[in-house]
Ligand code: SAM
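First, one chain by itself: the form predicted alone, in structure tokens.
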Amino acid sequence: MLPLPLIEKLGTLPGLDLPAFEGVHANSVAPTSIRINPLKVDGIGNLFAQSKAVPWCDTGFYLPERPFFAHDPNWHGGAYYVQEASSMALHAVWQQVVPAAREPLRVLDLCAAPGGKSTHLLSLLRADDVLVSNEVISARVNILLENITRWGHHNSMVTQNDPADFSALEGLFDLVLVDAPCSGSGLFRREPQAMQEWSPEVVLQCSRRQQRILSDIWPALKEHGWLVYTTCSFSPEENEEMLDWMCSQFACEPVKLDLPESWHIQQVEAARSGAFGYRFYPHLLQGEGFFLSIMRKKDAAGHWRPRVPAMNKMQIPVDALRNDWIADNHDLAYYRHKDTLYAMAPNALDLFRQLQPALHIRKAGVCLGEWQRNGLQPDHALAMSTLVHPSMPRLVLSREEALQYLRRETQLPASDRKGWQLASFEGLSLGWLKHLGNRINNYYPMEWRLRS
């Protein structure tokens, strides 16, 4: 039973069919959807049979039933991300808002964990764009790091900062995504227990938090930059009323999207400002409750002058990396911290050096591994990336053998080659192993291992 105060509030919204809205929450099951990683797979292909395309996302698909994803090696290898379909509308926003002919972008996903929208952005960005994925809550940062690492791109970084820490970075980002912490009513069908935690007081508390977050991040947005605001709430206080608040506080203009009627996404307008928002109702489309809006910054932004630390002149064995470990078809910059080596896109390294003194950076680019006297001890992130040299030996595993590897077992097929190899399943890298002749060492990360 949906909370009565929520129903009463929604009853004031124009055009909402309340009986149908209540019925879908009472009598239907939330659809299962995934978004594939175009960096690693060409399409839905052999991943899942009888899948159906998500209309507003070229890489999104509905599945006829929900499998046990933890027992699919393709998921562990970063072939796809399990994501609610409505939130994949970021794809349509990007296609309509971001011009094809443009300079490289700096993009911020401010409230990024667990990483659904960040991995989506990475699939939309060009190689010379840079994504910063931020999460302030310590308990949620590790899952964000894991998902970004699985996705395999080298033009991103992960930070752990309060939104207020970005206020000083004036005019730094071309696009900021604020997937705002909210009361979560849009997910009631998928998470019925969340109804017990919902109340009008929680909605008010969330709206105040959203205002603080938006106030903190606005200075970091460039003039003419885009702010994409989303929630998984039905409450007007967190949606249309938040658009009115933004228009009263900031010099901004709403961006209108042209969405096909067949998608059944409802365009709405805020009462005072007329700002455009887009509501996703589960009785009208295959997806959960979702809201999004886009604002463009009109006022002049300040210009942040970073204090860039001098680059230590540390020797980096680039030739050895290129010959033995790294494919030569990537434009890469390298960074060394003590004995650990990193590779990233040149623009990402420039931004990383600027942000180092200002933010708590948890990940930058791809960690290649530690350089030791006998060569590179490769990191798992290198195996998850597409940087690995094509001649790197691979141990091809069956599904059951892949699951054994993911459990960190060492009873794996024999190999006639000694040394470092990639554990491979259906052409997808799962991680490192080292064949020592009489045994195999499994280097799958202990904290990631499959426990079932």
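Each residue number is its position in the shown sequence, starting from 1. Since the structure is predicted, the reported quantities are computational estimates derived from the model, not experimental observations.
Just so it is clear, the following notes concern the form predicted together with the ligand, a form of the same protein that is not shown.
Not displayed here, the ligand is kept clear of Leu259 by more than 4.5 Å at the level of heavy atoms in the predicted complex.
The closest non-hydrogen atom of Arg190 lies beyond 4.5 Å of the ligand in the predicted complex.
Contact annotation: Asp72 falls outside 4.5 Å of the ligand in the predicted complex, judged by heavy atom distances. The ligand in the predicted complex comes within 4.5 Å of a heavy atom belonging to Pro181. This chain is drawn without the ligand; in the predicted complex, the residue among Gly171, Pro378, Gly277, Gly116 with a heavy atom within 4.5 Å of it is Gly116.
Residue Arg140 is the only one of His337, His224, Arg140, His360 with a heavy atom lying within 4.5 Å of the ligand in the predicted complex. With the ligand left out of view, the stretch that reaches within 4.5 Å of it through heavy atoms in the predicted complex is, among 190-198, 363-371, 281-289, 132-140, 132-140.
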